[in-house]
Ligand SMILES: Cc1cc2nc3c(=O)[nH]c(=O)nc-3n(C[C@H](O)[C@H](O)[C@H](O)COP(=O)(O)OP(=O)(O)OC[C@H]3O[C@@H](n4cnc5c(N)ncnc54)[C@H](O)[C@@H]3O)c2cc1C
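In structure tokens, one chain follows: the form predicted on its own.
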């Protein structure tokens, strides 16, 4: 069969490779100039490696993407980083049972209750019953109000904003159940890995069209795709089409969809992401922390990630690279702010963490994605759109369908495998 795949993120790339193994002819369409989707990277002069516009890593049990790297002979680096929380103007390591039991801000009984709750979530494989409960309702009862209010509620509210009290316990379970102390990262960055996969696809006679915008999909017996490339309009026929775009973008290019199906997709909610990347001449988190969750109420920053406390700074011209991350609604005023405005907004907190950091800035950029985090309410399993759409030859595969797992490139690869199985 002749199959079109719209989107060269890791779902599209893995689906293409899986379909080629079956003998299908594959054409990928990507609006951006590079593959990778939300994990796309970029380079600054002097860097040997690329850096992701939005922070990414793998857990060491992310079997789908690690197997893909192994199958395609791509090098993966494994390291054990330090994870901490920022609370009351101080950083506390909180990434092991020992760290929890020595955490000074909670009484022993609170630490024991919190540890028991995290252990239950970590070793309980049965997620389905959990989706009947809200995280903010159940967690205080399980781990105690003190631990929840001090550590977890601020993180939830900084991340989910007005949707916090809608979030299912399954979403929280996912983040505990799958987490591993050690992390994995593709050598030379996610962009290089995505380009490596693109090369593998091309070697098997696949076609990859970058800087190509899909304008419409029609499925009238014969399935056609209309697209723009180099300001020229084209229309091409395919036997099957896989769309890996977010649902709201899928709706824009498929006017034939029935209204009841459209309404179901419209009800799905999500947050956009902003990530500021600071290039500094000095280490920002001097205690070696890689991941610093902000546990202060109404913080302008959700997380600070010092990438070069995970990967060696020598790969980036000895610069220290810091992400300042946030989830926001894509139509919010803050999402529209310039990088200068956002730096001004973030600076009071960043100055508290590292006084005088502005004097070490070599450069900085802001990267935005209009859809990065699905909102997962109770009983989300009943809301997930199926991979098969009302258009007989059009399939949909995006991050809103990786449930119960949270977004990530590992589950993008798994989803690519799943959707490819629907094409015999």
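This one's a predicted model, so the numbers in the text were calculated from it and none came from an experiment. Positions refer to the first chain, counted from 1.
Omitted here: the form predicted in complex with the ligand. The next part is about that form.
**Q** Is residue 391 part of the interface with the ligand in the predicted complex - any heavy atom within 4.5 Å?
**A** Although the ligand is absent here, residue 391 would stay clear of it in the predicted complex, with no heavy atoms inside 4.5 Å.
**Q** Heavy atoms within 4.5 Å of the ligand in the predicted complex: does residue 212 have any?
**A** Yes, contact at 4.5 Å.
**Q** Counting only non-hydrogen atoms and a 4.5 angstroms cut-off, does residue 396 reach the ligand in the predicted complex?
**A** Looking in the predicted complex, residue contacts with the ligand do not include residue 396, since no heavy atom lies within 4.5 Å.
**Q** If we define contact as a non-hydrogen atom of the residue within 4.5 angstroms of the partner, is residue 408 a contact of the ligand in the predicted complex?
**A** Although the ligand is absent here, residue 408 would touch it in the predicted complex, with heavy atoms inside 4.5 Å.
**Q** In the predicted complex, which of 379 to 387, 57 to 65, 43 to 51, 356 to 364 comes within 4.5 Å of the ligand (heavy atoms)?
**A** Result for this chain: 57 to 65.
**Q** Pick out the residues of 361 to 375 whose heavy atoms come within 4.5 Å of the ligand in the predicted complex.
**A** Stretch hits: a single one, 372.
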